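Here you get one chain, nothing else, as structure tokens; it is the form predicted on its own.
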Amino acid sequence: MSTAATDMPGNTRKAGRYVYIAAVVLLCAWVIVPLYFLLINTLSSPEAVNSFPKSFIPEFDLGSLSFFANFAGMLTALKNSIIVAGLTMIMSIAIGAPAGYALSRFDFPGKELFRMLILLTRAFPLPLLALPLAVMFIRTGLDDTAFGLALVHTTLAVPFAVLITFSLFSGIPIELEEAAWTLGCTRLTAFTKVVLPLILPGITASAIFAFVISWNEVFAAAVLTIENRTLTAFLLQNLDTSPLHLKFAGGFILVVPALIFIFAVRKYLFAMWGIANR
């Protein structure tokens, strides 16, 4: 009886470990299998993509990507996506980094309310704001422009930029800046020479995160643009009429920046998570 009771905690731990491993494998399969099939169909000829049964090994044929590049308006839409995402990245960091620094270094009335209001900007769904935004953009001449769409994407990315940079600045002791002040540095030179080099990798990660948010956004791009559509809006517009291999190639082009982002900045994201939980 005592032996059975002693073995029970060990069996429970083993069962828990098996459940954990099964959950991890299931989650990895949920993410990797669709990406693998997307890669197979992107690197296969249009004939192979439309045939059945499908091969589990890519042909390494660039026919689908070539069709994607030569499709009317596709490269223009790709260029628009790059421009809008680039503007969003610059503006979100230009607004978010100073706000994160102020939240981290200064105490002022309404500080906690300001942080909550930043989060509440994500509480309003974009479809709810689509009509007023479209009317305002038409009146101001910002409709169907890269800058106007970048402004909308910046509002989506700024809360993340503020919170990420706030956690970064909070992880750097203020004593480092105070030591620089005693050596003759101003607040600005202390920031540029002491703080900025330490948080630059995290700022880069935040900037790329803003780029990916803009790159994958489709609703505002579809509502606020007509002639100057981004890649996501252009693919959505041609979803019913475009062939299957074009959809796979377009999906692959959209996924690649996000994958590059994950592998390039994953260590900085883990570091920022640790800072935020201190």
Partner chain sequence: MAVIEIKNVAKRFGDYQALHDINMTIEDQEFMCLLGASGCGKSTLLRIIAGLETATSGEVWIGGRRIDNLSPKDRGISMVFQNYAVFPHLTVFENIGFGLRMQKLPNDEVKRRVERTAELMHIEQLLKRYSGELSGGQRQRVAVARALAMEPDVILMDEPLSNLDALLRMEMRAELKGVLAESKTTAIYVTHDQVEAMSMADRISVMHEGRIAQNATPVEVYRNPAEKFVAGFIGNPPMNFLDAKSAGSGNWTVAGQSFAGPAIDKAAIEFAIRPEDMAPAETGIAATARVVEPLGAHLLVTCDVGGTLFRAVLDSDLVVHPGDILTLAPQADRIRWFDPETTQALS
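Positions refer to the first chain, counted from 1. All values reported here derive from a predicted model rather than from experimental measurement.
Quick note: we don't show the form predicted in complex with its partner chain, though the next part is all about it.
In the model of the complex, its partner chain sits within 4.5 Å of a heavy atom of residue 183. Of the heavy atoms in residue 193, some are within 4.5 Å of its partner chain in the model of the complex.
Its partner chain in the model of the complex is not approached by residue 112, whose heavy atoms all lie more than 4.5 angstroms from it. Although the partner is absent here, residue 204 lies well away from its partner chain in the model of the complex, with no heavy atom inside 4.5 Å. This chain is displayed alone, yet in the model of the complex one of 126, 176, 200, 75 has a heavy atom within 4.5 Å of its partner chain; that residue is 176.
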